[in-house]
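A lone chain, given as structure tokens: the form predicted on its own.
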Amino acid sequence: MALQAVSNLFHDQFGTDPSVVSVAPGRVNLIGEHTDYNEGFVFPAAIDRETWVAASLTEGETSVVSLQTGPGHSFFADRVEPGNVHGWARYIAGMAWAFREIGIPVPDAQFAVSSNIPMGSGVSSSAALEMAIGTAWLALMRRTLTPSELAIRGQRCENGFVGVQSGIMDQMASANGRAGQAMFLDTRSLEITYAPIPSEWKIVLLETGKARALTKSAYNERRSACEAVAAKLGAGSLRDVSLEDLEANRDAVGANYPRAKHVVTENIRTLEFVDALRTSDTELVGSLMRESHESLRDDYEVSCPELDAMAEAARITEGGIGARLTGAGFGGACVALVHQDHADQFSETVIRRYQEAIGDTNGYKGNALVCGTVEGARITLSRDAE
């Protein structure tokens, strides 16, 4: 059991039982990719691949250990600044820095971490760590923030401390997830509307085996391209640009046109997808997911041969409703919606076809995970934190 495992790790490392244990999920994004930092629409779901954190206050430095990767960089929570904590511990230090930024002084603590979220697969392992750490730290301090307020702190950690100019989707999905439902998020207003995933459908995460390789610079370059187009058209963001306006100004926009086209059309697809999901329109859901993948491949250029092969294998396999790459791109995973009765056979067939398509030269075997949907970040165990 995950709670027992992370509690045991804490006891082995620190010699006592933890005061609190928190958990936060990873997420898949069903549609709406690279739209969140353009104030657009996204449609993620929190999945049952989660990060667990056991924690207690301490008089010394903040110390961290992971069941998967071992000890991380220690630091004093009241002194951390961008650049002075390295490795995976910077996500923990960054949350202390982000809390401090809004006047919440964070005490030092001991943290044990365990996660079954695939690393490098584009399902927000970093956001889940931020949300689990933030939830635990707030509990230790006996303070509260709303889930969305906590998500904003996580984004500040990512943007201002880690240095990746990501949007708000990942943290919002991890903080605000609901079992059995996907979350339609307006990233400008942060308004959330939930839509049930049909009970006869399953989410399948299709890992390529190629670690997500979108570098910080490549991610930030794409964001800059989008901002440049919005500025050229006199818009606050691409959220305010219609497809007609973009086409009319194609020459003026220049080389950044394909990037903007993806974002503008992806917003349209996401709005259509919400209605299609609510009516269980399998044909439209599949069509929109395919169009999204093609746009990410051709216009935004964040796909790769492995993601393309996986998406195509899913598209032609019985039981599949739709599939597309999920996450930032250049590796990672695809997400598929699948008829429940076919989920296991679908998973086996897709991975076999994927392996046949890419061959054995790169060593990427691929893996399929049938996922459930879960609640967002929460405390699962709480003792007297004093």
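Just count from 1 along the sequence shown to find any residue number. Here the structure is a predicted model, which is why all the values come from computation and not from measurement.
Omitted from view is the form predicted together with alpha-D-galactopyranose (GLA), to which the following refers.
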Worksheet item: Out of the stretches listed (51 to 59, 27 to 35, 338 to 346, 351 to 359), which one is close to alpha-D-galactopyranose (GLA) in the predicted complex, meaning heavy atoms within 4.5 Å?
Response: 27 to 35
Item to complete: Find the only residue in A96, V204, M169, A311 having a heavy atom within 4.5 Å of alpha-D-galactopyranose (GLA) in the predicted complex.
Response: M169
Worksheet item: Among G40, P44, G327, G322, which has any heavy atom within 4.5 Å of alpha-D-galactopyranose (GLA) in the predicted complex?
Response: G327
Practice prompt. Please check if Y219 has a heavy atom lying within 4.5 Å of any heavy atom of alpha-D-galactopyranose (GLA) in the predicted complex.
Written response: yes
